[in-house]
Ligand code: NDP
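Given as structure tokens, the chain that follows is alone and in the form predicted on its own.
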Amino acid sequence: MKTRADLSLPMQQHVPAGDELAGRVIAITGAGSGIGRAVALGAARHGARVILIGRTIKKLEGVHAEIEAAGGGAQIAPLNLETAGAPEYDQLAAAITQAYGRLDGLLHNAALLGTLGPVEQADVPTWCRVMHVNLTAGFVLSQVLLPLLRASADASLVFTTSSAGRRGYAYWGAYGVSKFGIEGLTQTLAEEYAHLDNLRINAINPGATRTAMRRAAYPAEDVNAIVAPESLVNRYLWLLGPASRGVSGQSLDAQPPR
């Protein structure tokens, strides 16, 4: 039986062909900065039409401009996962349906860290915000976009997980619990769609990466000791592209365990 390390290895070693994602339509949440931005730029560079989902329009416009300047294609889809209601989700699904009629990839990357500390002292409204953005919004967005993913000849749904979602760590509170939920949601959806050859559902743990969230969690950490988001792009493209066909229901590591 293959271990997580066995399954993660081909992803970690993947070098995508120049046109590997040509013709694919891929939506990415949290696309304005960090890993989401890096993956959006990488996907466009390899031929995908990228739908940039996020709450800060100025950041999305910046990524859009970079993609267009490089000769790629992108579309901005502002969506605040903390406050969006059913109409906003439905409008996004309708816009993608009208423009493309399908969706070939969806990466759930947006997340909130919240406040780290003992569960006993957790602020309830903050806990609810983190759980909503990190877990519930991912469920809702997946639910409204699953018909578009199923309409694709080869679709990939990817959730961002964390080591804190596989083993409970003291003081990681709502963030850790939300990632445990992501692990469960990934497994549940993968089982429900196991009969479909054209849809795979996986989770990816980026590991220690040079992002604003990482700096907030580890303010004293030497940022030069951890990888930049750009170093992980090929691993995300492996999951979002044709190279990962046949892999579903897995939670994989973008980096070897430290």
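Just so you know, these numbers come straight off a predicted model, no measurement behind them. Counting begins at 1, following the sequence as shown.
Omitted here: the form predicted in complex with the named molecule. The next part is about that form.
Can you confirm whether R200, W238 and G249, the three residues that make up this candidate site, all sit within 4.5 Å of the named molecule in the predicted bound form, judged by heavy atoms? No.
Can you work out which of A151, L112, V177, A122 has a heavy atom no more than 4.5 Å from the named molecule in the predicted bound form? That would be L112.
With the partner left out here, check for me: in the predicted bound form, does some heavy atom of S231 sit within 4.5 Å of the named molecule? The answer is no: S231 has no heavy atom within 4.5 Å of the named molecule.
May I ask you to state whether D90 is within 4.5 Å of the named molecule in the predicted bound form, using heavy atom distances? Contact with the named molecule, no.
Just checking whether V140 would be counted as a contact of the named molecule in the predicted bound form - the rule being heavy atoms within 4.5 angstroms. Because no heavy atom of V140 falls inside 4.5 Å of the named molecule in the predicted bound form, the answer is no.
Partner proximity in the predicted bound form: K59 to the named molecule, non-hydrogen atom cutoff 4.5 Å: Looking in the predicted bound form, residue contacts with the named molecule include K59, since a heavy atom lies within 4.5 Å.
Partner-proximal stretch of 211 to 219, 63 to 71, 44 to 52, 189 to 197 relative to the named molecule in the predicted bound form, 4.5 angstroms, heavy atom: Every other range fails; the passing one is 211 to 219.
Taking the named molecule in the predicted bound form, which residues along 65 to 88 bring a heavy atom to within 4.5 Å of it? If the 4.5 Å heavy-atom criterion is applied to the named molecule in the predicted bound form, 65 to 88 yields L79, N80, L81, E82.
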